[in-house]
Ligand SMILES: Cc1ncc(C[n+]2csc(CCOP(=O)(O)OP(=O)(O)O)c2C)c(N)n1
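So this first bit is one chain, no partners, the form predicted on its own, shown in structure tokens.
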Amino acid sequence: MLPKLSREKLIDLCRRMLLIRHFEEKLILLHNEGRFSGHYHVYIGQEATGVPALSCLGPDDYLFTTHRNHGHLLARGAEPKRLLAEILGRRDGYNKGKGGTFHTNVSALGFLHTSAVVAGIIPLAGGTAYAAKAKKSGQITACLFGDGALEEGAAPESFNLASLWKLPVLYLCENNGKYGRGRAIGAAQSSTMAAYPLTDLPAAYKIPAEQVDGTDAGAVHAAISEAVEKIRRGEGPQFVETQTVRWPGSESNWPVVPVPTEFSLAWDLSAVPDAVKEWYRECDPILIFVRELVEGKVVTKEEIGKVEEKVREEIAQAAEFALASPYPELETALEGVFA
């Protein structure tokens, strides 16, 4: 279903989803061309979670994210050119090339820390939430992580303190279940967690927990909006698990693009390999959202086409900017090092 928002805001959500998708596909292409090395993770397949969820936050709220962070940063308003430059290790990146794909921080957007350490951000999110409560600033902290983070001891320890102290923190768990398990809620069961459903874990610490379809932008927006309202009313931490189906391009050791995204795939899958057609037909959150926009008469196919064309131009310019950016000078290696 579509979020209950104005036409302009719905189109903007679509634009941000397409921006994330084309950014990540360009990143995969640049890696395949040898433009940068090292491992990386992409956010493809989870756009209908990150974009509507982060739209519910205020400009002064704090955010913590993980190794799958590109989508969160772009959803929040990061410039594609500076983010791409950062991933490529270039001087004009957000952190002058030192953060890279796993550790990009954009404090101006509320991202105080991005960490590839599984669950490492969960205690930190409790810290900013505690500070905001002590200062009575009205800010909340959004902690964004995958289902694997719940395996770590840092998660329940943080849930315990957040619940005891009624901290203003939103825990958003993006459960990207294995490809082929279908879209049904509950399908993305973790094979490494005895607790199931995953919402049982925060619920044990008296944290209200909800499970929603992460490919349904409207359901995500409604759940996060309600959770944020409760937190701002002083009701303490809230937990939302969104269930998506992992993009088949992430099933190998290195991301691959089965077929480049075109909005027209929402109606014509003839160019998609048979082995992955089910995902693109049933599980691709962008194609689902595009169909809903057109079928709901919010926009026409032609309007979506123009939005996607502008996004493609922006990503092409971002790639040119990043590739033209120089690497940091060797003498700056120790700048910004605190320990």
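Keep in mind that what you see is a predicted model, and the values were worked out from it rather than measured. Counting begins at 1, following the sequence as shown.
Just so you know, the form predicted together with this ligand exists too; it's not on screen, but the next bit is about it.
In terms of contact with this ligand in the model of the complex, the residue from Arg82, Arg90, Arg246, Arg76 that brings a heavy atom within 4.5 Å is Arg246. Note on the partner interface in the model of the complex: the residue among Val117, Val259, Leu269, Ala203 having a heavy atom within 4.5 angstroms of this ligand is Val117. At the 4.5 Å threshold, heavy atoms of Ala149 reach this ligand in the model of the complex.
Residue contact with this ligand in the model of the complex: His67 places a heavy atom within 4.5 Å of it.
In the model of the complex, none of the heavy atoms of Asn105 sits within 4.5 Å of a heavy atom of this ligand. Although the partner is absent here, Asn176 lies within 4.5 Å of this ligand in the model of the complex, judged by heavy atoms. Screening 217-225, 91-99, 203-211, 109-117 for residues having heavy atoms within 4.5 Å of this ligand in the model of the complex returns a single hit, 109-117.
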